[in-house]
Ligand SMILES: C[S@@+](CC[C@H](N)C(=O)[O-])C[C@H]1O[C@@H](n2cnc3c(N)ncnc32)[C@H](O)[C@@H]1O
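The chain that follows stands alone, in the form predicted on its own, written as structure tokens.
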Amino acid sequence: MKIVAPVVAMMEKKIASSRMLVSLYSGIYNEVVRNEIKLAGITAGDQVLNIGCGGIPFTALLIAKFTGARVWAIDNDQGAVDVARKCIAAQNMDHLISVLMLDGRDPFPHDFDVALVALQAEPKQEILDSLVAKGGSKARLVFRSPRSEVAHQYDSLPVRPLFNRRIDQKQATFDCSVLYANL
């Protein structure tokens, strides 16, 4: 039974209205997102898609903050989307980040250079297939890989195609981020 992702989603919706709590919560991910920016080579000129943003879209917030890139954050939970939009506005980042109600498998209406897929997003193989179809061979796709101890709580990474590179992460739920590129 998967319980971690629903508990995290509920917690994010509760604390998203507090600028201070969002800052503290997002701070845990500073190193993670910096590593992913390095892994995917994200710059201010990139168009970034964040799949599975949740109520506190910390990945989108930190990418925009650290790089100045344009970010679209999507989630398939309308409640999370509503909360994320308020969170982005409260952080004064709505000029760089838009939040949309979409599933990671849905056709994305904008071009993107990089996509970052949250650990809880699923089904990962279908999301990867959709991203490759829309982003083409130039897109850089980053997925978070669950730690073995909690792997049963999350959908597994696609086996084919093989990812190009990985970077280790020090999180309780995931131990690395992987890059699929030039597919």
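We number the residues from 1 along the sequence you see. Note that the structure is predicted; figures quoted are calculated from it, not measured.
We do not show the form predicted in complex with this ligand, though everything after this point is about it.
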query: Exercise: Ala118 in contact with this ligand in the predicted complex, heavy atom 4.5 Å; finding: yes
query: is_contact(Leu96, this ligand) in the predicted complex, heavy atom dist at most 4.5 Å; finding: no
query: Leu179 within 4.5 Å of this ligand in the predicted complex, heavy atoms; finding: no
query: Exercise: Pro146 in contact with this ligand in the predicted complex, heavy atom 4.5 Å; finding: no
query: Which of 38-46, 135-143, 120-128, 64-72 sits within 4.5 Å of this ligand in the predicted complex, heavy atom basis; finding: 120-128
query: Heavy atom within 4.5 Å of this ligand in the predicted complex - qualifying residues of 52-66; finding: Gly52, Cys53, Gly54, Ile56, Pro57, Phe58, Thr59
